[in-house]
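Starting off, we have a lone chain in the form predicted on its own, written out as C-alpha cells.
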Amino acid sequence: MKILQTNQLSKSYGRIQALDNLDLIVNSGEVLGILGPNGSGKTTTLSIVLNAIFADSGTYSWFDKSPNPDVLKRVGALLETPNFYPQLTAVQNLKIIAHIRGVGLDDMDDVLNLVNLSDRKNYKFGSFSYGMKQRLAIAAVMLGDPEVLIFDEPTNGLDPKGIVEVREIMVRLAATGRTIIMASHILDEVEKICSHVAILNKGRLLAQGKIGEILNTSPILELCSPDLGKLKKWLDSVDWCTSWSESNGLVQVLAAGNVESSEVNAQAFENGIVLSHIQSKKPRLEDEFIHLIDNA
C-alpha cells in the first residue's frame, strides 16, 4: 500500500530551487531515509507533505487520498527543534500535545518507557539535557499510536551519547513495523536504521530504493604503491577500473565485474607496478552517495 506519493513537487525560495519536480513513493512498512547534504531539499519536502508550507507546483497524497486534517492525524512528525514549556513537567507537556492533536493518553507510560524517560516524567522540561528533550519530542510524536512517524534530523546537535540513545530508539521503532520517514545527512545513521533510502541533491531525486539495491555491487579496491603516479596512469588504461579517487596516499578504485585482488596484483606487477597495499572492500552507502553526488 502506498503511504505517501509526491508528483512533480517543486519549490523555490527566490533564486534557490529547493525542490525540482520531486517524485517520491513511500510504501507501508518501509523505513525510508531521505538522505542528502544540507540544502538538498529534505526539510522542504517534509514541510510540504505535512502542510506546513506550500509547493509552487506538483501534488502529493497520503494513503491514496488528498491531504486533509483527518488524514494527517494518522501521521506523527518531529520537524526541527523540539518546543515545549520549560516550566512544565514531561507529563504535563505531553498532555498538552495530546490535547492539541486530539489523541488519548492511554499510551503515555508506554512511550515514556520507550524513550527511557519514565523516571524523569515528573521533572520540568527546562531541567532536561538536549538529548532528553529530543527523546521527549519522539515520545510526543508517538502519542496516539500514529501509523506513520516522520523525523527530521533526529540526532542533530546531540553529543555522541545522545546520538547513540536516539539511534537505539529509532531502531526499536523500526522493528515495530511502522512506516517511518527520516531525513538525515548522516550516512551511517541511515544505513543502520533504514530499509530504504531516497538520495536528494539540490532538490532533485538521484536514487530511491532498498539500501541493498542502491548500493553498487561492484567491489571497491584500496591500493597503494611507491609510485602513485604510475599506478594512477595504469588505472586509467584498464577496462575493469570504472573510476578511482585518491585520499591520504591510498587509491580507492571502483572495479567493474568480479575482478579479484590477486588478479589486480598480478596485472600491476606485469606492468612494472609494485603494490604495497591491496584490499578489497564491500561497497557502503557512503561510497554510493558520494559517487551519485559527484556525478549529479
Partner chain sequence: MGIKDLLELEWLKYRKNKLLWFSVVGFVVLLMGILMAYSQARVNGSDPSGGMMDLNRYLKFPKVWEFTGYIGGNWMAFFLDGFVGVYLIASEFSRKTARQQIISGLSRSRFVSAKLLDFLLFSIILSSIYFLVSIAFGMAYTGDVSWGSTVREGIFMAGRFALMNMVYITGAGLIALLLRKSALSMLIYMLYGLFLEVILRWYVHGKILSNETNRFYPFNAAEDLMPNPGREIFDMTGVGAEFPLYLEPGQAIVTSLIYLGIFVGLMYFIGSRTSV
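Note that the rigid core is defined as the largest set of C-alphas that superpose within 1.5 Å between two forms. Not measured: the values here are computed from a predicted model. Residue numbers count along the first chain shown, from 1.
We do not show the form predicted in complex with its partner chain, though everything after this point is about it.
Asks: Just one of M108, C224, A77, V103 has a heavy atom within 4.5 Å of its partner chain in the predicted bound form. Which one?
Replies: Exactly one residue meets the criterion: A77.
Asks: Here the chain is shown alone; which of A268, C241, V251, L50 has a heavy atom within 4.5 Å of its partner chain in the predicted bound form?
Replies: Result of the distance check: L50.
Asks: Run the contact test on Y85, L88 and I96 with a 4.5 Å heavy atom cut-off to its partner chain in the predicted bound form and return yes or no.
Replies: Yes, all three are in contact.
Asks: How about K161 - does it come within 4.5 Å of its partner chain in the predicted bound form, if we only consider non-hydrogen atoms?
Replies: Result no; K161 lies far from its partner chain in the predicted bound form.
Asks: I'd like to know if Q208 sits close to its partner chain in the predicted bound form, meaning any non-hydrogen atom pair within 4.5 angstroms.
Replies: Answer no; every heavy atom of Q208 is more than 4.5 Å from its partner chain in the predicted bound form.
Asks: Are any of the heavy atoms in K73 no more than 4.5 Å from a heavy atom of its partner chain in the predicted bound form?
Replies: Although its partner chain is absent here, K73 would touch it in the predicted bound form, with heavy atoms inside 4.5 Å.
Asks: Since only the chain is shown here, I'm wondering whether G229 would be in contact with its partner chain in the predicted bound form (any heavy atom pair within 4.5 Å).
Replies: Flag for G229 set to no.
Asks: For the chain seen here without its partner, which of 24-32, 258-266, 65-73, 230-238 has a heavy atom within 4.5 Å of its partner chain in the predicted bound form?
Replies: This holds for exactly one stretch, 65-73.
Asks: From first to last in sequence, which residues of 5-25 have any non-hydrogen atom within 4.5 angstroms of its partner chain in the predicted bound form?
Replies: Read in sequence order, no residue approaches its partner chain (within 4.5 Å, in the predicted bound form).
Asks: When the two forms are laid on each other by their rigid core, does G157 show a Cα shift of 2 Å or more between the shown form and the other one?
Replies: G157: C-alpha displaced by less than 2 Å between the shown form and the other one.
Asks: Given a superposition on the rigid core, I'd like a yes or no on whether Q87 shifts its C-alpha by 2 Å or more between the shown form and the other one.
Replies: The answer is yes; the displacement is at least 2 Å.
Asks: Using a rigid core superposition, assess whether G102 undergoes a CA shift of 2 Å or more between the shown form and the other one.
Replies: The answer is yes; the displacement is at least 2 Å.
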